[in-house]
Each structure stands twice: as C-alpha cells, then as structure tokens.
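Before any questions on how it binds or moves, here is one chain, the form predicted on its own, in structure tokens.
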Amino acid sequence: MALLDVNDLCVRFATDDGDVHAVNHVNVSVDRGQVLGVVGESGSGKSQTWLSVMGLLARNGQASGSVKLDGEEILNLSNRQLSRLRGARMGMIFQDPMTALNPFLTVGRQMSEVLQWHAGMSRRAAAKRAIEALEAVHITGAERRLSMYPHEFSGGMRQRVMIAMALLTDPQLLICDEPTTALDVTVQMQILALLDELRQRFGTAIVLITHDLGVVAQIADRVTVMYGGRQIEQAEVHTLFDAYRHPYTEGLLGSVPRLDAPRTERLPTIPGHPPNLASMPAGCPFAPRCGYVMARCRQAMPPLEAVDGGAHLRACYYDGPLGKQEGVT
C-alpha cells in the first residue's frame, strides 16, 4: 500500500467573480522512500494541490475527493486534528524560508516549540533534539546557532533550517514547494543532495513541487505534469524525459536552455499564455497553445489514460509523433 493516496482531488475557490477551479480530478500516489516531482508553469495548480493535502488552503478554498495517509482519510479534517497531524506525520518546506520563519524568534525557540507541541518534550530535551536536527542537515556550530535569528543566516542556511524543522518529528511525508528557488546553483545542489540523503536514511516520502526540470531529473523517481489545474502526463522520470507523450511536456522540455546549443540560437518558448482558471475552455486547456490541436480537443477534456500499456499516463487525443510544434522544437 502506498503511503499517500490522492484520489479525484478537486479544489475550488469562491471569489467575487465566481468559483475558480484551481485543481481538477488529481489522482496520484507516493510510496515510502519515493520522490514524486510535480512540475508545471505558475498557476498550473501544483502548489494548491499539495496545500490542500496539508489542509493549508485559504479560507475561501474548498477541497473535495480523497486523501489517505497510510490508509487514513485526512482531507478536510478539523483544525485541531490537522495541527496534530502536521509536523508529526507530515512536514512542508515552503518556497521562501525568510517569510516562513518567524523573524522575532530565535531558530532554537522555533524548533523547540515544534517538539514541545508535537512530542511533549521538555525544553532541554527539545533543544538537544534541535541540535541533532541541525547537524543532520550539515549546519556547523549547531548549538551556537540555536540562539541566532533567521536574518543572521544565509538563504541556503535558512533553507537547511526549514528542512531540519520539517524533519524534527521524523514525518512520513515531506512536501517541498520550490525548495531551491532563489538559491545559487552550488547551494541548490547541496539542498537536493541533502533531500536525497534524508530520503535514503529515513525512508521519507518526498513530494517536490518545482518548475525546474533539471531539479526533477536529478532527484525524482516519478513525475506528474500539471497544466490548467489538471494532470496532463505522469511517468517514471526517465520515461518522461526520453519518451514524453504530451505536447505540453514537449514544450517544457524544449524551452530548457542547452549548453550545447549555439550562442546565437534563440531560446524556444511555448507560444500563448496559460489559461484563466476562472473561465476555462470547454476542452483541453492547452488547446489554444498546442501545435497539434484537433477539433475534438476544443470540445472535451481528454481523460488521463495509460499509454504503451504501462504506468505512463497522459491526457491527449493526439497520437502521432511529437517534435514538430512551432516554437518548441
């Protein structure tokens, strides 16, 4: 049995202009010790999917469907139940550690409070465990750093502190929302190596939300691609990169800069703009930007179905060869 099972997950936001359908019928599972990459453009619904799993939607948001953690239904639990679950069995690393950490409290105070609340530890025992957690993410002088404030750490160090806080209670599931954004390449590599090390040491299941396909290629086992609030392709990481089957995935991969490309060559882009989630088209949301669009694409959303008789899923009516879209070849 998978550690996490998400079935038919939908997220709606009530606004003055009507309901916004941010996430539509997402189905995904994550095994223990596995890394699931979630990729897509801004506004694709990838972050809202996993905020709903954590019970962290905005007040005007409502999730439906099913989310089971180790066989237990956790979607739409009460705030009291969720507060006991988060931190203890599920952890989340947010995109910007400077805003996620309280600037008025020392790092040691923030880490100790997690353990005192979730594990019932004394202040002394919590401080000792916090030092061990900081050392586990390779922060030197851990005992001394407990008395420091977030602004006294570099960006990469703050991200390590966030990872250490998320792992304090040995959660089964760790959700990372753009954990390497705004970090230089060297620090980015260190953070990814750290996540991989923790996955192997503790068997933690990791969901990695990102727009960076290079990050996905380095650490993920499986990848789900989202567009317009929907899953449009899902496969093992090597299958997705070597034998993608959706035009949007082709566009994403084609727009990644290549070191072997001539310096004068223009970087390919996906033409057009992402859809407005408040007024989605009737058919495939990628149809207005797709170079393979057919009449039926504009009439009904293609279902997410298996291709090649395996675990490779895609939502597309086009079944011909890819590699011919203008602007992304």
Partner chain sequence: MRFILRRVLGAIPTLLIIITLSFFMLRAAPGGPFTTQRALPPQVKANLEHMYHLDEPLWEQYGRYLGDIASGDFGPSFVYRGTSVNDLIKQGLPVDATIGGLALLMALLIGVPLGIVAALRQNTAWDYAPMAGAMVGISIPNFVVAPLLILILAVKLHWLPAGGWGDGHPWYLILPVVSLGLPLIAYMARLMRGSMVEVLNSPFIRTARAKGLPERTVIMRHALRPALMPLISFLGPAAVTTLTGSIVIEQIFGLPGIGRFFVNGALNRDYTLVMGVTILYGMLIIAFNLLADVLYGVLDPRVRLS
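Given the structure is predicted, the values throughout are model-derived calculations rather than measurements. Positions refer to the first chain, counted from 1.
The protein also exists as the form predicted in complex with the partner chain; that form is not presented, and the subsequent description refers to it.
Asks: Heavy atoms, 4.5 Å, the partner chain in the predicted complex: which of 137-145, 212-220, 233-241, 107-115 makes the cut? Say which one.
Replies: Result of the contact check: 107-115.
Asks: Answer with one of 51, 30, 67, 290: the residue that has a non-hydrogen atom within 4.5 Å of the partner chain in the predicted complex.
Replies: Filtering the options by heavy-atom distance leaves 51.
Asks: Using heavy atoms only and a 4.5 Å cut-off, determine which of 99, 78, 122, 154 is in contact with the partner chain in the predicted complex.
Replies: Partner contact (heavy atom, 4.5 Å) among the options: 99.
Asks: In the predicted complex, does residue 171 have a heavy atom within 4.5 Å of the partner chain?
Replies: Residue-level check for residue 171: no, no contact with the partner chain.
Asks: In the predicted complex, is there a heavy atom of the partner chain that lies within 4.5 Å of any heavy atom of residue 83, even though the partner is absent here?
Replies: Because a heavy atom of residue 83 falls inside 4.5 Å of the partner chain in the predicted complex, the answer is yes.
Asks: Is residue 103 close enough to the partner chain in the predicted complex to count, meaning some heavy atom within 4.5 Å?
Replies: Yes, residue 103 is a contact residue.
Asks: At 4.5 Å between heavy atoms, is residue 165 in contact with the partner chain in the predicted complex?
Replies: Yes - in the predicted complex, heavy atoms of residue 165 and the partner chain come within 4.5 Å of each other.
Asks: In the predicted complex, do 59, 87 and 94 all reach within 4.5 Å of the partner chain through at least one heavy atom apiece?
Replies: Judged in the predicted complex, 59, 87 and 94 all sit within 4.5 Å of the partner chain.
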